[in-house]
Structure formats: C-alpha cells, structure tokens
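Just one chain follows, in the form predicted on its own, and it is written as structure tokens.
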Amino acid sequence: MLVLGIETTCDETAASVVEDGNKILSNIIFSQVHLHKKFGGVFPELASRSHIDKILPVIEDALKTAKVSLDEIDVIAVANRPGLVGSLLIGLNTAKALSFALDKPFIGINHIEAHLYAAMMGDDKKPVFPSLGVVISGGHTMLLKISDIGKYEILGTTIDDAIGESFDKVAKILDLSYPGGPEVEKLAKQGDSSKYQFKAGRVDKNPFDFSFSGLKTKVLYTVKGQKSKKDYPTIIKEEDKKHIAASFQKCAFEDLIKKAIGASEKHNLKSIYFGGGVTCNKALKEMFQNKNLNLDLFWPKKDLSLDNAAMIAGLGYHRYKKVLKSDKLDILAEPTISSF
C-alpha cells in the first residue's frame, strides 16, 4: 500500500511517499526557518502563505523522488491536528482536494501521535508494548502510555511552556539566534552545568506534569536582574552565558528524565519511544544512556525528528488499515487537542 503523507502543521511544508507504513520512498521537506529568523520565532501568517506557494511543488517532488504517480497512490494522509490553524488548513484542504479529484481515501492524522510513530519507522522489529511515549518539541511536552499503535493514555503534559519553547525563550534571553534549541545546545557544550543551580517547576496535582515557565524566568532574572523583562540590558559577563546555557539544559533534561523513568516504573512499561525536535539534542541522549536503564530506548532518525511527512504517511497506513474507509471531507483543522 502506497500512502502519500502531507505535513503543514507549523513552518515546514512536507510530503512523503511511504510503502506499507515503514518503507520510505521519499521524504521532502521545505523549511521556512530563513523566513522566520528575523522575527525570532514563527510568524503564523507568513507560514501559511509560504505553505500555499510550496505545497504543490513539494508534493510533486515527493512523487518524482518515489518514482510513482498520483494514480498509484492508495491513501492520502494529512496532519490535521494540532498546529497553527492557518498552516493546517493548507495541507488539509490540499489533501481533501486530491482525495475528491482522484477518488482516493484520505485520513486525518494526529501530528503528536505521528512523532511517536517516527521512532518506530525504519526498523524491521515489531514495536514493544506497553511502552512510554515521550514527545518533546517546540510545541509539546508529553508522556504517554502506548498500549498499541493508536491506543494511548496521557500520563503527563506541560502546564505552561513546552520544553522546546523554553529552549527558544532562553536562547532569546542569551541573545542567541533562532531556532534557539540547537544554539543553546552548542553554547552549553562549552559551559559548566554546575555553575548555576536552577530548579524545574513542580506540579502538585500530577507528579508527571511539567512546568518550565519558572525555570525560564529564573534564567531571565539571572541574566538581566531580579524582576527584569526580556528587553532589559544584560548584567552578566559574556563568559557566563555558556554556564547558564549548560545549567539550564541540565536542569530541564534532568526533570524530563526523572519523570520519564518514574512513569515507566509506575506503569510497568517495557521501552521508551521518543519523538519531536528536541530528540536531536545529543546531551539528552547521553544523559538517558548514562542512567543504564533496564529499558529499550528508541529514538527517531535525524530526518524523522523534526516535522516531516514520512511519519504522517507511516501512521496513516495503520490508521487506514484499521478502519478501511476514508475520513469525511468535512473533518476540521484542530489547533489544539485535549485527548487522543
């Protein structure tokens, strides 16, 4: 079965052709980072307009690279939730139009779920369940119990900033360029992570929930002074920035690792599947590996870590195989989700 995947949840326009949920025939991604860099973050209207310009060329490139025609595609899968609503609409309406014109079934896909599925792609081994899913990206931080592909229970989430978002905000405080995550990681390599004692937030109602807003604010006050704002002048030496980056990164990751291990132990889970752009961080992988856990750890390949359409197509295969029918053409773009 050949599935055409379409991904436009934020600032990547992506299309992919995947065979039988696992064999990636093409995975084309147009990144808009250069468009949003001067804003220090994603400018939603600009993202939507770029998707309009790029969506058809990217799909054509994906088909050409896979050496298949639209007529050979069996199913069209598209991310319809969650994300920037303007961006989502471009991909969703394109998928609907193709489905209607070609009389092909189409499936709406949960972008967060697809990030977890990305860690299951490219491996002939069957996934191990029940497992812990760890979604760590610019928009989401979430721990889920995975009983099977399509069966999830949310164990913890962030009550404020996502972990990737907190990295971007700290990057701004330290006068680093966008996107901030890779820049903080790069600077942190040069620093002493014990120089500053930061603490992640506690959430009393659920020990597996996250709060990074207070941590980010503590970094702000350290760099610019107590009760300061982001546009205040820096009061620390330039030399200290690398130590702050290292200390912040260590604190955020230690909190994530502690809760991931705790959730795995409490629910007797056999392995951990990671998804999202923050999985690219080498320090995070090393910190997990240094724990010598009695758990198998599954990380997505680099080209499947950031937003991509291969994970959408791969998950679309499994979704369609279960229902064997198309979603209705009136399904909506959903900017947020409260459950799976």
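Note that this is a predicted model, so its numbers are computed, not measured. Residue positions are given as counts along the sequence shown, with the first one as 1.
In what follows, reference is made to the form predicted in complex with a small molecule, a form of this protein that is not presented.
In short, of 48-56, 299-307, 64-72, 32-40 it is 299-307 that has heavy atoms within 4.5 Å of the small molecule in the model of the complex. The contact with the small molecule in the model of the complex, taken as any heavy atom within 4.5 Å, belongs to G180 out of G201, G86, P105, G180. Taking a 4.5 Å heavy atom cutoff to the small molecule in the model of the complex, the contact residue among E185, D209, D255, D161 is E185. Residue contact check for M287: none of its heavy atoms lie within 4.5 Å of the small molecule in the model of the complex. The small molecule in the model of the complex comes within 4.5 Å of no heavy atom belonging to S26. In the model of the complex, the small molecule lies farther than 4.5 Å from every heavy atom of N80. Contact check for V278: a heavy atom falls within 4.5 Å of the small molecule in the model of the complex.
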